[in-house]
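First comes one chain, alone, set out as structure tokens in the form predicted alone.
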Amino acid sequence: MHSEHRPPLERFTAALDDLECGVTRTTRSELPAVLESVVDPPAVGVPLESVAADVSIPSWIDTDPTPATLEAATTGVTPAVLGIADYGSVLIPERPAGAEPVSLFPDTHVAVLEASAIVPDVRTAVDRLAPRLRRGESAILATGPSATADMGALVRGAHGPKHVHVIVLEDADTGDTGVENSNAGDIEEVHT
């Protein structure tokens, strides 16, 4: 756990470093170039409209994967609607397009997250998740690469991605500094 005195975005990126995850802080306009630099094709993905209405996924990422293209993909790109600063965790919401398999099957998972969606701790995250869970929705709360030591030595990628990279959108045009939006009661109100 990191110092409570640092801003959530700073703690979040430090936690990702501790987990040996990649992290890139960028703007909406630079997102396509960042995706080209961190995504290893062939790639599958989920539309990013749940991050922000003005953010889209590039056409070279397959957003309608078949079981065969999902199995062949080396990278899966998904939106994340929440980040937890203390642990570097991201919340991948359930989507009809299949965010869960896209985040779990390829060797690398790239999550795209708004800086304003980073909350300081688990208590705040649970408060934000409560309305969604009461509606019967589900989500994956992912913290770093998949790893297990059940058979002795640590093995990465046994039950999910071997590598994780989080792209944090800080938009200079909106003055987004990664400080939590205290007016947001429900995750969907923050990102739609």
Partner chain sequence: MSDARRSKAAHIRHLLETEGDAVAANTRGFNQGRYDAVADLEDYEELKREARGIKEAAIERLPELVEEVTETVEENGGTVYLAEDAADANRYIREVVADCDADRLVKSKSMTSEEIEVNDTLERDGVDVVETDLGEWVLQLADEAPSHIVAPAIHKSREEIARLFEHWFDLEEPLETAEELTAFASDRLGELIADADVGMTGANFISADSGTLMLVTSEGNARKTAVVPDTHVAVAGVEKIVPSVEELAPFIELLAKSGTGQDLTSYVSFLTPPTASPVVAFDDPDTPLADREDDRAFHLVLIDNGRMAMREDEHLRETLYCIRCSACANTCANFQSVGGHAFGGETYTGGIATGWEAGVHSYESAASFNDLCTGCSRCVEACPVGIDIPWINTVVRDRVNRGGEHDRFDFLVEGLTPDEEPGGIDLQKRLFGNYETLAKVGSATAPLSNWLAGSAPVRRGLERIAGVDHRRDLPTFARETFRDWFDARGGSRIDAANADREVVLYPDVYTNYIDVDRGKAAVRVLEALDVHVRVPPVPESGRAPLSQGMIATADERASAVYAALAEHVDAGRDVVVIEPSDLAMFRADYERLLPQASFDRLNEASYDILEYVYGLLEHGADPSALRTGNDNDALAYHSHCQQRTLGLGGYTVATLERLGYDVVTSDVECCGMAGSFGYKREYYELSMDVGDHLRQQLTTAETRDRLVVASGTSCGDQLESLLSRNAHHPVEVIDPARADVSNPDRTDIRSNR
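Residue numbers count along the first chain shown, from 1. Treat the numbers as computed from the prediction; the structure is a model and nothing was measured.
The discussion below concerns the form predicted in complex with its partner chain, not included here.
Thr66, heavy atom within 4.5 angstroms of its partner chain in the predicted bound form: Although its partner chain is absent here, Thr66 would touch it in the predicted bound form, with heavy atoms inside 4.5 Å.
Interface membership of Ala115, its partner chain in the predicted bound form, 4.5 Å heavy atom rule: The answer is no: Ala115 has no heavy atom within 4.5 Å of its partner chain.
Contact label in the predicted bound form: Glu137 to its partner chain, heavy atom within 4.5 Å: Answer yes; at least one heavy atom of Glu137 falls within 4.5 Å of its partner chain in the predicted bound form.
Contact label in the predicted bound form: Leu133 to its partner chain, heavy atom within 4.5 Å: Within the cut-off, so yes.
Options 51-59, 35-43, 22-30, 156-164; stretch whose heavy atom lies within 4.5 Å of its partner chain in the predicted bound form: After filtering at 4.5 Å, what remains is 156-164.
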